[in-house]
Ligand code: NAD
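Starting off, we have a lone chain in the form predicted alone, written out as structure tokens.
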């Protein structure tokens, strides 16, 4: 029913956490998956892990802040595979400093990876998807794009931008049958969340009616759904996957 077999799928930030679990999910559906990571060693480690699990994927480690390098890699993938069906923008960084402790460079670093890098990958795949007259672009947003957060202003700012990018491109690219959606995870068991202070996490957990922290698989399954034919009439949506958490 998902109809993802043979689809060419690119997953940025695909070496761990939500990204790696998303790679697994698409491989289980017999998609052709290309993961992006920040370093050669992390990419090779992720590919080795997948091989041990019986999966085969391909990996690259372009500097996502370098538009020329990103375009070169995506051109190479498109030429090799003959198409690009799905782009999942999952690479990102978080922040939790108070504003007086946040430097201009700190803020710029978050915006560069969480927003500008997403723009680079999307811009590179769109010509191929337009030529195909079909495609799916999925972006990782966050629950803080809905509610904000009490510190680390750069992170929610970047995710509000992701939502705007998603909704706007959904309208722009719809005539080419390219769907653009985002998944907004709540509190998920990832390295990123593990790095946050307990005093920031514990109050948030109390706001989750389902009574548990989310798993990377919960987000991967949302990406599967939005990439599949089951979501063929869904675009411009920010899908909250947060256990009904409220601010």
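Since the model is a prediction, treat every value here as computed from it, not as a measurement. Numbering follows the first chain given and starts at 1.
FYI, the form predicted together with the ligand isn't displayed, but the following is about it.
The ligand in the model of the complex comes within 4.5 Å of a heavy atom belonging to residue 93.
Residue contact check for residue 38: one or more of its heavy atoms lie within 4.5 Å of the ligand in the model of the complex. The shortest heavy atom separation between residue 185 and the ligand in the model of the complex is within 4.5 Å. Although the partner is absent here, residue 190 is a contact residue: one of its heavy atoms lies within 4.5 angstroms of the ligand in the model of the complex. Proximity to the ligand in the model of the complex, taken as a non-hydrogen atom within 4.5 angstroms, holds for one residue of 78, 170, 126, 113, which is 113. If you check the ligand in the model of the complex, you find a heavy atom from every one of 15, 18 and 155 within 4.5 Å. With the ligand omitted here, the record of contacts in the model of the complex names 85-93 of 100-108, 129-137, 171-179, 85-93, defined by a heavy atom within 4.5 Å. In sequence order, 140, 141, 142 are the residues of 131-150 having a heavy atom within 4.5 Å of the ligand in the model of the complex; the partner itself is omitted from this view.
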